[in-house]
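Just the one chain here, the form predicted alone, laid out as structure tokens.
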Amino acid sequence: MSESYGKKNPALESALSKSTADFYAPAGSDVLSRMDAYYSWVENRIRTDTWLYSRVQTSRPAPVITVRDAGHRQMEAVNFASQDYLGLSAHPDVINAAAEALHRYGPHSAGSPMFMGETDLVPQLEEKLQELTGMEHVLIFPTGWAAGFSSLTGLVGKNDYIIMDRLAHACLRQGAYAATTNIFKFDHLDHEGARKVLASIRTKDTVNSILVVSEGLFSMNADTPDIRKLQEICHEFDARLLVDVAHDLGATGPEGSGQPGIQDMKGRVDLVMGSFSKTFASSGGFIATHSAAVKEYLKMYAGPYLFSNAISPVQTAAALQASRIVTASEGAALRALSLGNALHMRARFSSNNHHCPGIAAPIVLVPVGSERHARLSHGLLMKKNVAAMIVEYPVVPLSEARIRLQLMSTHTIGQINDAVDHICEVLDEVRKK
């Protein structure tokens, strides 16, 4: 760290004393220059090694990665910051499939999926996702964000209602606010809280639609709702349920079916959406439904589908091949390795007196607390050649910073042990300051 945290200095104290909340919606008549204060704060955090963001990969996202930080310093580190839960981005079959698609179709979709932008690989990918989700119809989007956002803006009208878990992903929250002003949030995993909101709405409005939104695996808490209970509550009040399976589909569950499969709800949820960027070695997303009418309607009325280029042929081919591996015996073996790694990491933290909340999953959370401690930990971990995802507001609430460790099936026990021990040492050190 270029500024010693062992003694007070103005630059470091400034970097540690504010959050992005202090710069939200800046005032001023010039829409451009009013960002200057934020920029100065970011630059100071970069100089003091307390900026958690903007690292650049200079190698593929493997268990060991070469990375360049925002201060342009390059280093090799054990990698727990990439989302590649089964390690499929390095799988030779995935790489070959992407290369073949590049040579056959070129790098670019060259159009909206409504106007000849899709390749003949897309229907094949849709079929694999139907198999994984147990749903009859799937619509592919160029990004996971687009799928989540569109699932709300494309289906919910201005007079309808959205009831969502308070910790639902930002793409779902922003989609909700773009769709209607009738938005209600229930406390995280509080199913009875959701029921009360539904009951209250239905006593006043039996005409308009209600969509309840949750996730299969919440990535900042490593926990999951009771999907069956939520679905039953929704049907009790003539509402529909949407579950985001971005972090669990493919990486967990029987045959990669995620939390719906684990909870015996595969194919029994009203709507499912997800992303290819966590397990399927690609970019893109999808919405799955049992209704052919919903799929066709979203094609026309989901803005990111109609007005964005289709998913590229290279990304489609990578996701398609990854999905084939996920549903094969190799996928089951990789998921077993992933679960074993997660259980081992959680036990290792516990033996060092650090509790990891949630369930055993490819995501392991280590609570940090204050933004100050999180920022100091970032620089110290990089010095120990550990690349971890340290998050603070606005990704998580203020004063609830945490380290999110993203495991791969291809991590070794030795790499996990070293990383856990370094993290525990760093956290114990910064908490004394």
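Just so you know, these numbers come straight off a predicted model, no measurement behind them. Residue numbers here begin at 1 and follow the sequence given.
Only in words, not in the display: the form predicted together with a small molecule, which the text now covers.
Asker: Specify the contacting stretch among 338-346, 144-152, 104-112, 187-195, defined as having any heavy atom within 4.5 Å of the small molecule in the predicted complex.
Answerer: The contacting stretch here is 144-152.
Asker: Using heavy atoms and a 4.5 Å limit, would one call Asp244 a contact residue for the small molecule in the predicted complex?
Answerer: Asp244 belongs to the contact set for the small molecule.
Asker: Hey, in the predicted complex, is Ala360 touching the small molecule, heavy atoms inside 4.5 Å?
Answerer: Although the small molecule is absent here, Ala360 would stay clear of it in the predicted complex, with no heavy atoms inside 4.5 Å.
Asker: Using heavy atoms and a 4.5 Å limit, would one call Gly175 a contact residue for the small molecule in the predicted complex?
Answerer: Looking in the predicted complex, residue contacts with the small molecule do not include Gly175, since no heavy atom lies within 4.5 Å.
Asker: With the partner left out of view, is Asp165 within 4.5 angstroms of the small molecule in the predicted complex by any non-hydrogen atom?
Answerer: No - in the predicted complex, heavy atoms of Asp165 and the small molecule never come within 4.5 Å of each other.
Asker: Given that the small molecule is left out here, which of Pro313, Gly284, Gly256, Pro260 has a heavy atom within 4.5 Å of it in the predicted complex?
Answerer: That would be Gly284.
Asker: Could you spot which one of Thr133, Ser275, Thr289, Gln321 gets a heavy atom to within 4.5 Å of the small molecule in the predicted complex?
Answerer: Filtering the options by heavy-atom distance leaves Ser275.
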